[in-house]
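Let's start with one chain on its own, the form predicted alone, as structure tokens.
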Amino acid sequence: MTAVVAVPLVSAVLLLLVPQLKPFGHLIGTAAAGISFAIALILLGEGQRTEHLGTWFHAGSVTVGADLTYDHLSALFLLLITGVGGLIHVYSIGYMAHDERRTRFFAYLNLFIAAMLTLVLAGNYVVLFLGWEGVGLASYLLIGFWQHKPSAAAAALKAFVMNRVGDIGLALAIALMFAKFGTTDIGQVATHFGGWFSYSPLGDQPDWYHLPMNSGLATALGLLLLLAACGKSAQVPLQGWLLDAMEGPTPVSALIHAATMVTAGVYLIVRSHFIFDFSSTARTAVIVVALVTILWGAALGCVKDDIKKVLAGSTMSQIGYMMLAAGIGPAGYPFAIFHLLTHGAFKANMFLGAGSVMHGMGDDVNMKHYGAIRKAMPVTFATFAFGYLAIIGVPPFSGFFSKDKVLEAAFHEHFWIGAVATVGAAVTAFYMTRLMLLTFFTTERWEKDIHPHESPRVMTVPLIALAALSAAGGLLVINDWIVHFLEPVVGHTPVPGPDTGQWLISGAALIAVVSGAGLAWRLFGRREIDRGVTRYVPVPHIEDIIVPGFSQVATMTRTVDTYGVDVLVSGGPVAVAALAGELRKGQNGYVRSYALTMLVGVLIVTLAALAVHW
């Protein structure tokens, strides 16, 4: 199990430190991802277990071990991270072929994979935090990889800072666990909540504990973990960094949006389900954040002309569906992971497809400059279409089954929760159909000297593989396989049999999809497309509101510090120094001056004595 993390980590270190490997860096990095995928496949046949690699640190009565755990939840994530991540590596060989720093790029990709694998294999929250921060570091390096672009450097810094806001939540949650339980081991924390976990730190089956439920503690932990998830998964109000992160190379966007970074928040909540099970307040907060993000991300997708930013908005929205399912509780946990897996395939497919389009269009990202490129790029078009049909939820593509299960759980939780989620599905169909029409259909709007062409095979083969997964991902739900597979981790999930209500929900979802796609066709498929910028009412992000206010506070603080605190603290010494300076003038080293001063003093004393006795 350790090898699945060690291989990409060692590869990253070697590629960064051994310049002689530069000519083969892309091959070594890709091979490392492939080896990790092979190990993940081998592990799939093994049972749940924990590996204690040693004691990380010891403080007082608390000992934190370097523990890795493997169970059914981490098994699915391992396959997603290494499988989709491996295909992204292959694609990057062609996409980054002419970049002088390609070897460094692959080193960062390997580092990203290793950090994410550490996160999902962590046996305690401190190791999880290590992987969590490693993902943040790797994303910073990759988003700002083209550091010659000021916009890329600014986007990397923005992502780094906003993620640190969320990290405060995770750090405080871990500290609270230390204070209340004296441990950060995931299994032991679970048992303190009277819950259960699929493994114990020593590999034995856990005992049931019946400690009194502390809903206040559960709520505090749940809200802190939600804050962390919002930062890493770009949920409202910490979503501002995600669209700017498109400044990075397209394979990075695919890796962040499909297989790694944004899925970490969903993983954290599902992994910590025993906390949310004990707090309806925390679950409600998750649902509210998810619903707002579903609509917010969908709205962004409707107004952006940048093909990558449209896909980024859709990522926000789709992660919102996963968070919604996770917030519903036991009835939604498996379907949150199910949608996460299918989304990982079809979103990576579409991001890499967008990169292929940009490759053929001279790196232009504006969809208003595309049009009718399906004939020039048939493989890219066909594979992208698979992803499109999956994300809008057309049967039998994977997104239909996974989103349908989320909608069912939402309607069972509350009618209006399901209704809002269904509206989000309609908007998803609208903006994704707009993207398809502006890019592959309508009329040519190409810039001069642009001649669209298909990408090389090293880029199209991963697209074909991901298109196949986009179509076949729904097989995971046959006979409720994924529900039963995850039962050892998230507990029993009630699965009602087919009934009229489910058919109505599926029918309503399909009507919403057809309505959204039909409206997009009416607005964009039958009209001449304007090449101008799409106008919309800009809505400030939270950083646009908070940052100016904090800047003013910082300016005032500096003024008070300079002219208030410094004067008070330094004023006394400055006055003494000035007085000493004046007195020092009399100490000039001339004996005659000292004799004269003494004579004047004697005269003054003599005159004073005579005046007193006169």
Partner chain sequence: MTPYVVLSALLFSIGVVGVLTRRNAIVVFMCIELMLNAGNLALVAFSKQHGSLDGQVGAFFVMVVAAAEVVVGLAIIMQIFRTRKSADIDDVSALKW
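On a predicted model such as this, the values are computed, not experimentally measured, just so you know. We call the rigid core the largest set of C-alpha positions that still match within 1.5 Å between the two forms. Numbering follows the first chain given and starts at 1.
Absent from the display: the form predicted together with its partner chain. The rest refers to it.
With the partner omitted from this view, the residue of L17, V10, A595, I604 that lies near its partner chain in the predicted bound form is A595 [heavy atom within 4.5 Å]. The contact residue chosen from Q587, T562, T63, Q552 relative to its partner chain in the predicted bound form is Q587, the criterion being a non-hydrogen atom within 4.5 angstroms.
Partner proximity in the predicted bound form, defined as non-hydrogen atoms within 4.5 angstroms of its partner chain, places exactly one of 49 to 57, 579 to 587, 23 to 31, 565 to 573 at the interface: 579 to 587. No residues of 26 to 52 lie near its partner chain in the predicted bound form, the criterion being any heavy atom within 4.5 Å. Shown in the overlay between this form and the one not shown, fitted on the rigid core, is a CA shift at V18 smaller than 2 Å. With the core superposed, R584 shows a C-alpha displacement of at least 2 Å between this form and the one not shown.
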